[in-house]
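Okay, so here's just one chain, in structure tokens, the form predicted alone.
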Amino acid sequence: MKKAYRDVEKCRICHSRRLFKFLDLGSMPIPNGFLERDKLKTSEQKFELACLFCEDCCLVQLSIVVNPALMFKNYVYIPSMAKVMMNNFGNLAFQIYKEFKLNKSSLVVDIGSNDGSLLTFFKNFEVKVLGIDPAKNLAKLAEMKGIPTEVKFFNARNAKQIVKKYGKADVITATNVIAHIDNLHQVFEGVASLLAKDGVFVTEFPYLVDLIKKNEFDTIYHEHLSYFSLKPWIKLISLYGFEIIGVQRLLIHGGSIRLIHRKKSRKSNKALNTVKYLLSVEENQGLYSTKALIDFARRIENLKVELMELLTDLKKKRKKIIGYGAAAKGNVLTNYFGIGTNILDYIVDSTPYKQGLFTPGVHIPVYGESRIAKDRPDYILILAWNFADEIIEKEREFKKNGGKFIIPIPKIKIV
């Protein structure tokens, strides 16, 4: 794919062409495409951000696929910056280590291993680990922590090479990465050949049930190609002989689901009832028809009107407002709602290499969090609302001095 993007003409799971567009957030730059000051005058590449619903298998997916090389070669999202993420990884590693009785000879392979955050927990249990990630900058950080990392995209061909070099994996993990991948069939072919006979495949991704119910439209961005409910997911894994043997719903990322899989076997499966229950939840929420999705799009329009009225009103009263969290979701919200420096003076963020840059599209400057105490703004719009509790706790001083927080999602709340 040499072109910057391609249009999606058929469903990436079942190849159906019956795709219904239910949400269009307009055209915007890649949400992690932060800019240096001298680049502000150059024109940014913008891409359509819209969602399609497959009327055959019910997968929700973006209408285009942006070339992954544009998004992932030098990736700026690092999970180790967030306490919530690290706690989640710690819990996941402990659960898998204990439940599947891993030992020194077990091999855990993490797809989309980022800076090695998850694998460091497995390494502490003295398990053999291997990361796979296309981002050179992050692989370097992982190697510095002693996490061996293969710098490549994961697919069927690379999986075979990994087996030759390291042997089969007892556990393969893929957290918040499957939704980023266009060719899901390649991934499952790769997982099927890399996984040992009794091995398990563990994945976590944002759950469509939560996204729709809680109005989380800003978690829709160019990197996230698919938005999974269980129905299309089961269709996909069945094609490669996998079954779900463990299910947990998580609060992380506004509502995610953790699934543990094994190759289909005659052994008893205690997850069957949970899976059945969740399929009925999805059906009752209307995720298998277009009506609920059209309603969702309408609610997002209303949210836009409401938030813009509130912010414009505060600005008329000469209030100083800043943003908190230069996350991809914040960049989607500010671009779609048209919030620029006319409303937010700047955004603070804890990630060092976002500081000193400007957000894509609307060009809001990003500073470190220490700026809050110096400037004493009146309001903070929490763009990284999935970490709202952590942020409010961290900024106790701001609150004590009479500062107020605005949380935009699921509905507008002033704290």
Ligand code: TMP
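Bear in mind the structure is a predicted one, so any value in this text is a computation, not a measurement. Residue numbers here begin at 1 and follow the sequence given.
Absent from the display: the form predicted in complex with ligand TMP. The rest refers to it.
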Heavy atom contact within 4.5 Å of ligand TMP in the model of the complex, the stretch among 382-390, 22-30, 38-46, 55-63: 382-390
Contact label in the model of the complex: Gly325 to ligand TMP, heavy atom within 4.5 Å: yes
Ligand TMP contact at Lys404 in the model of the complex, heavy atom, 4.5 Å: no
Ligand TMP contact at Lys329 in the model of the complex, heavy atom, 4.5 Å: yes
Heavy atom of Glu369 within 4.5 Å of ligand TMP in the model of the complex: yes
Candidate from Leu259, Leu293, Ala82, Ile178 lying within 4.5 Å of ligand TMP in the model of the complex - any heavy atom: Ala82
Stretch 170-199: residues contacting ligand TMP in the model of the complex, 4.5 Å heavy atom cut-off: none
